[in-house]
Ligand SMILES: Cc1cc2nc3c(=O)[nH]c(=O)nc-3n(C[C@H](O)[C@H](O)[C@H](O)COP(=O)(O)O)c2cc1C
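Given as structure tokens, the chain that follows is alone and in the form predicted on its own.
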């Protein structure tokens, strides 16, 4: 057994059954003398030395008379949830000795995922492409966009148009370039991505959009098309309602853009930091979406939570290969 803790910089290897048994008993408050009566073949002095080791390496907490431990009484530690602190410590250097960064640990063992997801849907809608050269001169200033940017949960009476949705997706997430390298394919898209891997995909869930029927779609970035996955199924409606609840609204968003990650795109190259890097990419994409929506006078709102199992069911995805890591509501401006 191996003991690790996000509070500690140490790793303790337990090589005997007695050591493992002691740790098991320490799951509940007890004293060393009590442990000695329950485990045969080990002296009290040895148990005391072992618990001293656990205390000094912060694998163990002393229990106060009222039953509290430091993780509960320390106002800083009390506000950390176990999984958050563990994730933080394991995705940064300093508290573990694991490889970190672009190690290419599966090079020569597993083929990397292609940069572009294979097309599996036949029914598609060609989207509008804006004139970017014209937008360079007609858009409001960058400073005005930054200063005006905010989350807007209320949408206009008239729904967003297919042209607006097409322009938004083109400006936020299209493919600009595909590069072949010795270690797989790389991309260039409007937002930044570590190592140019670009593992994120977009799935617009349409509730109300002029000239586009309600349903779940996949944004095919190379062709700039919406591929129809399904119409208004029970799972699709649940995705929209869940987004509305997460926003604290009763109104269903006109369009919900579900952001997924093809996890193995990053995990094939990066070690220790792959998932943390995905979340950074979601944030970079959120900001790009906010800025583009503000420039287009649309109503944007990043959403803090979503149901990844529900999305996998709605889209027919393998939860461990690709599922949702972010949601973004979009609608017409008021």
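Only a predicted model underlies this, so the values are computations on that prediction, with no experimental measurement involved. Positions refer to the first chain, counted from 1.
The same protein also exists as the form predicted in complex with this ligand; that form is not shown, yet it is the one meant from here on.
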What I'd like checked is whether 286, 301 and 304 together line this ligand in the predicted complex, meaning each has a non-hydrogen atom within 4.5 Å of it.
yes
Verify the contact flag for residue 151: yes if a non-hydrogen atom of it lies within 4.5 Å of a non-hydrogen atom of this ligand in the predicted complex, no if not.
yes
Can you check whether residue 247 is within 4.5 Å of this ligand in the predicted complex, heavy atom basis?
yes
Determine whether any heavy atom of residue 270 comes within 4.5 Å of a heavy atom of this ligand in the predicted complex, and answer yes or no.
no
In the predicted complex, does residue 290 come within 4.5 Å of this ligand, counting heavy atoms only?
yes
Listed range touching this ligand, judged in the predicted complex by heavy atoms within 4.5 Å, from 67 to 75, 113 to 121, 226 to 234, 239 to 247
239 to 247
